[in-house]
Each structure stands twice: as C-alpha cells, then as structure tokens.
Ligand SMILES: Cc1cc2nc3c(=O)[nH]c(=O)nc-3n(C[C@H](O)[C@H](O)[C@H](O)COP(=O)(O)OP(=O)(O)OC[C@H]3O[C@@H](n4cnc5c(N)ncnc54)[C@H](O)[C@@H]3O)c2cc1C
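We begin with a single chain expressed as structure tokens, specifically the form predicted on its own.
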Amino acid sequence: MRERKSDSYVIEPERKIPVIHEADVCVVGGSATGVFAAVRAARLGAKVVIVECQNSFGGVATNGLVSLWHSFYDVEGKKQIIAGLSEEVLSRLSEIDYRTGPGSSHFFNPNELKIELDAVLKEAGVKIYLHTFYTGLTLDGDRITSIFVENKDGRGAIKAKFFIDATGDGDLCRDLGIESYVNDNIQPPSAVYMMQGTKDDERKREFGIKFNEDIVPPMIQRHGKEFGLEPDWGWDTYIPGIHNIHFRADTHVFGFNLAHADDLTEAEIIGREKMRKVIRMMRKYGNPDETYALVNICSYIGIRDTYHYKTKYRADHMELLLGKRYDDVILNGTYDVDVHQADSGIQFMRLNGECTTEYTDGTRVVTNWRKDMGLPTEGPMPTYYSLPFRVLVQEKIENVIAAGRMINADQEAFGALRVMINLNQIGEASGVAAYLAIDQNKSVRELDGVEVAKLLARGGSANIC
C-alpha cells in the first residue's frame, strides 16, 4: 500500500475557472448510492446535478458487473423491510429480475440497470455529467462553495448549496481533511467477469456427486496453483435472460489499498490476469463438452474497503446482530456480518447466532457466536437490523454528507453494511437530508434525524417499518 511521495513539484498557473453549473445539491459519484441520493433530493424539489467519472451509472452493480441486490425482506421472508428506489428500479426490470421468493436476492442484467438508472435521473430532472472527474473544491469557512471538475470541455466549477460525497473512497472528505481511518483488515476487492460455460459440471464429472461445498472444494483450491492462482473463494451465478453466461467473483486481489492510484492500477491488471488463468484452468479441468470463454471484464474492479470517515456515530456489529432499533432509522437490512479476510478466507455471522468460517483450503467451521457470548440460543431472535441517521453526520463541514462504503463502522459492522442494498438506502437518506438542510437552512449536524427518517418513509423510502 503506497502513499504518493515526492520532493519535486511544479507551480500550476493561476487561472479563472468557468462555472458550468449551479444547483441546490451536487452529488459526486454515480453509483446506485449516488443516483438514489440525487433522485430523492430532486423528487422533493431540489435542483440537483450528478457527476460521474465513468460512462454510465451504477458503480459496482453495473461497471463492476456485480449483478444482484439482496432481499427486501426480513430473514424469515415474512416482513418487507426495504422498499424505496431499490424496489422501484428493480420492478422496472421485472422481465429479467430473478426471484425465488420474498426472502431471496434479486439478480439482474447489469446492462439493463445502466439504462434504467439513466431513465430515473432524467425523469427526476437531474443534470447529468458523465466522463467527468472531480478534481478539487473551494471553501468559505466550514462550507463548501464549489467543486472543480474536468471533462472533454476542460476544467470547470460547479456551485451548490449542499454536496453529497458518493465517490466510495471519500474524495471530498479527503480534501476537506475530515478525520479518517483504515480497518486493520482491508477487505480485498474482487475483479469480476462474465464467463461462457458452466462451472459446477466439473465437480459432478470428477467426483460423481452433486455440488456440495462441504465435500468438494472449489476448483481454484484444487487446481489453481498449477496456473499461478492463489487459494481463493467466491461465488457465481447466471445472468437473467442470457444463456450459458455466468457472473464470477472468485478472483480477489490481495494486499492493496485501492484508494491509492498505483495500487488501483496494479490491482486492475492483476485481476485481469487472474481471469485469464481461470479460463485456462476451466478449459483443462472443466466439462469437456463446454466451450469456456471470457465474455466480459468489469470496467471497474469491485472495491470493498478503503478509507472510512468519522461521524457522530460509529456502526457497531453487536448492535446490528442484536437488532437494536432507532427513532432516526435510515436503513434496514439482513445481509450477514460478512468479513472477507485479507488472505485466509471469509466469515459470516448471522442474526440467529450461526457463525460460519470458510477458509481458502476449502475447510468450513461452524460455531455459534451467541453461545460463545453466553446469550440465549433459543427463543425469539432479531429478524433484521437497522442503522440511525447520525452515522452520516460529521461535525467539521456544514454542507456535506459522505454516502457509501466510506461509512463509519467497526470492521465487522462494515462487512454487513457495505453491500449495495444497504448503501442504496444510505443514498436515499442522504438525498432527503440534503433537501431538508437546504429547505430549513440548517447544517447537517443541526438536522433532526427523526424528521429525516419520517420524510424518507413518506417518499416510498427504504424505511417502511
């Protein structure tokens, strides 16, 4: 993990930067988190602009090819706990959205999602800038007054009353000097790709049994070393509406902090090298009746974890696992406390007490965290967790919220909150808060979190409980 260091420098000549747009709310970063923040603020009446450095919106869900959002229901599949823009957008993809029941995850074609996100932004009247890079900002006291961007027209400034940092790494927060930290275990990114050819037939052919993780370790763990692949884990699924094309996420890239330019560059290259090695492995050990080919490579590596920025409240994994409730709730979820270890495997802690650790050698250990802590293992258990608005409230700058995986959370809580269905809700809450701050002429720290939660709910929000 490298920091940029240099003793040499050049002086950039002073120049006048044209103001290319003025708005009430400026969202920097066009993941679904950023899009949903922009749409919610715009639907409430704010004039909104969104800036995205790539050619389309959706972030990891589209350019990263991670084509699923987790369940809208509690763990029993009985109570809907998430609605809002996540449900609305997926309902518009209903012909290709795969559902096995109320408690299941939702799979989609990432290319279709790109088009739908364009549509919801345009319908909301949001000003869109694609292929546009954030490069800096200006301050007046403890308020941001403008940001600088670069695109094909050159350098320009965007003025706004409120800013939402949806960059993932917290680029605005970095430039504002908001206190940050890095987790001891930075969860490694996945270089995701689409492959032609099935994956699990090889296990049936070689071992004569049905797929069972407990009996047959994944192919990378059996044959990866021959192809220069590290022991790894991951998952795969088909793409709705596409025949014999599978999404694969079993190529982690270890040992980098992708908030740094050199690390990001190297990780992208290593990830693509691993994809090709997997294809070669499949051609040798996979089903001889299949044609294995690399069909699509993510244009954006799936970053899980870089910098986090301090706020009034730090999400605590035990409060999640014990189902603590809040008056200022902005998020409900069920995704496991999921910690991708830097080099040894993955651990899942579930609301019912189950704790499963899967190691890179293919072994699996199941324990019970509730039993280990002396808590009851029978009787009623939480069926979902929640998160309060104050997790978004920093106290240095009046008119900015960081929305996304830079969330202030302990290492285990982050493992649950970082998934897209949860970050989508954080985006919606950020858009509502931005509107209220402008409407009431308040700083973000002066906002009433309960009022944010109520307005979020009235708008068909993620908070419907």
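Predicted model, so just to flag it, every value in this text is computed and none were measured. Position 1 is the first residue in the sequence shown; the rest follow in order.
Omitted from view is the form predicted together with the named molecule, to which the following refers.
Contact with the named molecule in the predicted bound form holds for all three of D171, V192 and Y300, each having a heavy atom within 4.5 Å.
From the list 419-427, 393-401, 436-444, 37-45, the contact stretch for the named molecule in the predicted bound form under a 4.5 Å heavy atom rule is 419-427. Comment: the named molecule is not present in this chain, but in the predicted bound form one of T334, T311, T167, S86 has a heavy atom within 4.5 Å of it, namely T167.
Between the options H223, R304, H246, K114, the residue in contact with the named molecule in the predicted bound form by a heavy atom within 4.5 angstroms is R304. Looking at G431, you'd find every heavy atom of it more than 4.5 angstroms from the named molecule in the predicted bound form. For T132, a non-hydrogen atom is located within 4.5 Å of the named molecule in the predicted bound form, even though that partner is not displayed. W235 belongs to the set of residues with a heavy atom inside 4.5 Å of the named molecule in the predicted bound form.
The closest non-hydrogen atom of V28 lies within 4.5 Å of the named molecule in the predicted bound form. Within 4.5 angstroms of the named molecule in the predicted bound form, the stretch 429-446 places no non-hydrogen atom at all.
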